[in-house]
Every structure is written in structure tokens, then in C-alpha cells.
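So this first bit is one chain, no partners, the form predicted on its own, shown in C-alpha cells.
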């Protein structure tokens, strides 16, 4: 696609900030969307170390950048630097989308929308069941919020390499959302086989297994999974992680993170442009790109 011919003095800049940032497919997704709708926007990646985060937001205002996505490791730290944040971002304690309205920076969490839209076909199966979430960062926070607010899970297990972090997140959601059936565990796979097997839904909200570390997985024990489960990995590079392959080998339903990426992106796209993203066309284009790499 050729974007350069349409850039002019009216081109709006959107971007994503994180560190590192090379793994992000958000620039490809949004630039495809801008092209399909013939919008005068461009989406750029900005590698911003944590020490430069505050200055990056000052630069956003100074340069008139219309909007930003926020990815690792900034989703939680950035919330205190914003003028206004949405209700769900406040409860979750993480922001992944910023809109610049005449110098006032508004923070949102569209990851919630991505999780909800991805899991909605399984809503009745999840209700009243046990769910295990692996991870305790910004993505895990959004996932837990969605499970409590929209899916009425009976019990949520938070599993993390550092158990104290999982324990802190457990206490956070008990306080914030008055949901008491949350339990924390250290990620020690041999000790968690029964915890995994007793879960109707297992969600990997970590970067374990993301390219190029494709041999990594939160568990390498096939017996962690059963044929009655739904296993959701938020990673989309590769589309089939080792984690999902193991789950599929036991007959579980598996979901990768690409649908979530597109759905959360569509909500951010609408906040920035006021228009609907052509979701189906964008999804097909990304699947084609990822399978041909």
C-alpha cells in the first residue's frame, strides 16, 4: 500500500508507545484501516523507555498528536500522568488508549472491549464457572475486570511467577469490585495441573510464548488441559503458541489474541476518528500477513 502520496498539512498523527515496540502490529492494523476508509491519518510506533514517559506525553500535546495506544510496560504507570480517565480505566488501574482533545489527555481501556468481544460467544459456558488468568500486569487487569463485570465467573484464579504480585492484584479487585472469589497462585506448572484442569476457561495474559520466544509456555504439561475447556492466549505472534497447541492436543477450544487485538483496536479507532473500523477486512488482512510471514 502506498500512504505517502496522501500526507499533507492536515494529516493527523496517531501512534503507540511502549518499550520495546517492534513486536506491535497496531501500526499495520490502523494504517490498513485508514487506507480502507481513505482517512488522512498515519499511525507510528514510538519506543519510549519508562524514564521518558512523562516527557513523551508532553510531546504528544506539543506536537498535536491526536491519539496514542499504550503497551508494555506503561499501561499502569501512565494513568497518574493523565488529566482524565474513563470509569473502567480507573477501576482496572491501566490505560491502553489516549485521546488528545485540545491538549487535554483522556485515558481509556479498550482491552476490556477486546476481551468481551472475543469471549462473548462463550458467555453462557463461562458464567458460574472457575476461570484461571495467568499474569498480573495491565492485560491481566483488563481481563479480570471483564470476567467480573460481563461474564459472572464464579471463581477467578490469578497465577503469576511472583505470587506476591498475584496476591496484591487479588486484594485490589476484592476492594475495587467487591468480588471475593479470587485466589492467587505462584506459577509452578507441576503444582498447578489440578488448578488448570478445574478451570472452564484459562487465559494467558503474559508475553510467554510470544515471538521470538516461541518455545516458551506458562505450562508444558499436556495434562493441564481437558476437552471441555476454552483456552485463550492474548498473544497473536505466533497465531498458534505452544500453549495453545498443548491445549488443542487435549481437545480444548483454543482462541488466539488476534481477534482481541482487532476488537480493542476498533474501539480505539472510533475514539480517535469517530468512524467504525472495517473489522472483517482488517482481520482478514492481518491473518493473511501473519500466515505468510
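Positions refer to the first chain, counted from 1. Every value quoted in this text rests on a predicted model; they were computed, and no experiment measured them.
If you look for the form predicted together with a small molecule, you will not find it shown, but the lines that follow are about it.
| request: Using heavy atoms only and a 4.5 Å cut-off, decide whether all three of 131, 144 and 172 touch the small molecule in the predicted complex. | output: The answer is no: none of the three residues contacts the partner (heavy atom, 4.5 Å cut-off).
| field | Proximity of residue 137 to the small molecule in the predicted complex, heavy atoms at 4.5 Å | value | Heavy-atom contact with the small molecule at 4.5 Å: present for residue 137.
| query | Hey, in the predicted complex, is residue 205 touching the small molecule, heavy atoms inside 4.5 Å? | reply | Because a heavy atom of residue 205 falls inside 4.5 Å of the small molecule in the predicted complex, the answer is yes.
| query | Would residue 69 count as touching the small molecule in the predicted complex under a 4.5 Å heavy atom rule? | reply | No.
| task | Using a 4.5 Å heavy atom cut-off, state whether residue 264 contacts the small molecule in the predicted complex. | result | Output for residue 264 is yes: heavy atoms within 4.5 Å of the small molecule.
| field | Residue (of 162, 80, 220, 180) lying close to the small molecule in the predicted complex, criterion heavy atoms within 4.5 Å | value | Residue within 4.5 Å of the partner: 162.
| query | Which one, 91, 210, 99, 195, lies within 4.5 Å of the small molecule in the predicted complex by heavy atoms? | reply | For this set of options, the contacting one is 210.
| query | Want to guess which of 123 to 131, 195 to 203, 148 to 156, 162 to 170 is within 4.5 Å of the small molecule in the predicted complex, heavy atoms only? | reply | Comparing against the small molecule in the predicted complex, the contact stretch is 162 to 170.
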